[in-house]
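A single chain, nothing else alongside it, follows as structure tokens in the form predicted alone.
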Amino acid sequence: MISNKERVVRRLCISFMLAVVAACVHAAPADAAFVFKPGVKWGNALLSRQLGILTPPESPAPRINGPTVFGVRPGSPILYRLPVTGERPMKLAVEGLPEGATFDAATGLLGGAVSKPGDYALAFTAENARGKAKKNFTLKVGNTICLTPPLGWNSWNCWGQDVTDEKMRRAADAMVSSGLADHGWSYIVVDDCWRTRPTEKEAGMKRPGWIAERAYMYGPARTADDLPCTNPKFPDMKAMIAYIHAKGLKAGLYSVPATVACCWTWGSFGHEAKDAATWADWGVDLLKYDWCTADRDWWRAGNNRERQFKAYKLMGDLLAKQKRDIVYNVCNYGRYGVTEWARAAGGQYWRTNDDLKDTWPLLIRSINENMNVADAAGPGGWNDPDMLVVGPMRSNGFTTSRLTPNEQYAHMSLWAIMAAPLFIGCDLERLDHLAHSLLTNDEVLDIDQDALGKAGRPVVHTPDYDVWLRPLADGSWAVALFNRTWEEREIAADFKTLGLPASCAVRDVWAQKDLGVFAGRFATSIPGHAALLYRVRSAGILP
């Protein structure tokens, strides 16, 4: 029998939980059905108000998105899809094209090749029935590429070992049909499992138990011409890459400086020159080069730091000699001081930590490890705290991220202020409303893609909250207010502490709304485990 006292306590508990749930649902917009999805374990998410969709709907007037600068080596093919939002039909044009460069007004593709080094000032325009937009743009022809962090999609978090040619093409289709490409997302990268797989005898070691058999993937490492062998899921890599290019997107793939990769496929060890030349011939635009089991192949090459540098520099030098630009990802999980030598090895971005999953402790770990190496980032080389974990992935049963909405705002806000490469890991064909709004906020992406290339850092860092600052190319600053606790709290940006002018105009970047001019400080309430992003200007230079 349940006593009357127990009944009262139970009713009070149930009433309290229902009130909290109602408050959270009320705080979210009407279309935010993502807030409580079955199968997603958010645990203590009910302890704090959850943010709904903050990004405003796209304007029908033209807006030219993306960075203001693009780097290409002399003579390398240019592939840049002008990202433009707004009502179609749209008339596109450009002024100032240098000799050798081309622009297709129908597709918005900047192409061709420029042999003469230099900085070329271009001006893009986009016009529709609702108005006209203009954007100044610098094409930098020189030895430095990847002048802003790359934006794209990687197959691993979504498909893992089950990636196929068809799924890669569908991802490229979805990148365009979802509108993401119009916001600057451009790379489509196939991770591990496009190559054949060795037997245990050929590999010289036992296959790990977590790797499924998938017998159809077994096969020789190389063809008679020493080309890397693809497994039956990828019948024609060159054709698949051409398909991605036809969308105005860029193609990337994965390999390892080892005999065998993480997922038990053949690697590039001993065939680096042939693989680099093959990938250039296929049209590859990005290489993710994963250390994995390479210790076994490089053990004679010195200590851990020396052998990793030698292995990565070997491939980096080969990629730089190709007749096309291939962005190089040094993926060694942030070990052996990689931020100190990755640029010298030819890398354009490098991992700063172990793999990120969609859990709060791992998100905090990635933030804490990445923020300590901010000085290593800058045009041509970027700190990579790993792929984005928003949206439907294998780890969450293709429902939505196991991060709460607040945590996803913290994720995107801090990756943007840290100038991190942004690689989506979810299924682009199943984007939920929140994930789509996070990935298409152009003012947030503008901060990540800022041409100055200075990575932000926390000026105020406590166990409970941070205040982050990043200088921007136009003389303004990005400020992130980050609540590390579950309890909603007021967080203040003190202008003197941040080294800012005494009077500043503040703009809410997520809501894309000017908040006014503030003297001395700006303070606001930040929900638990959330971060919000602001652009701050001296009140004297407000446009």
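A residue's number is simply how far along the shown sequence it sits, counting from 1. Everything numeric here is computed off the predicted structure, so don't read it as measured data.
Quick note: we don't show the form predicted together with a small molecule, though the next part is all about it.
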query	finding
Contact check for Tyr254, Cys292 and Arg351 against the small molecule in the predicted complex, heavy atom at 4.5 Å	yes
Of Glu340, Asp162, Asp355, Glu202, the one that lies within 4.5 Å of the small molecule in the predicted complex (heavy atoms)	Asp355
Answer option from Ala419, Leu434, Ala126, Met387, heavy atom within 4.5 Å of the small molecule in the predicted complex	Met387
Stretch in contact in the predicted complex with the small molecule, which is absent here, among 92-100, 398-406, 284-292, 452-460 (heavy atoms within 4.5 Å)	284-292
Close approach of Asp182 to the small molecule in the predicted complex, 4.5 Å, heavy atom	no
4.5 Å heavy atom contact, Asp448 to the small molecule in the predicted complex	no
Phe423, heavy atom within 4.5 angstroms of the small molecule in the predicted complex	no
Distance check, Met175 to the small molecule in the predicted complex, heavy atom within 4.5 Å	no
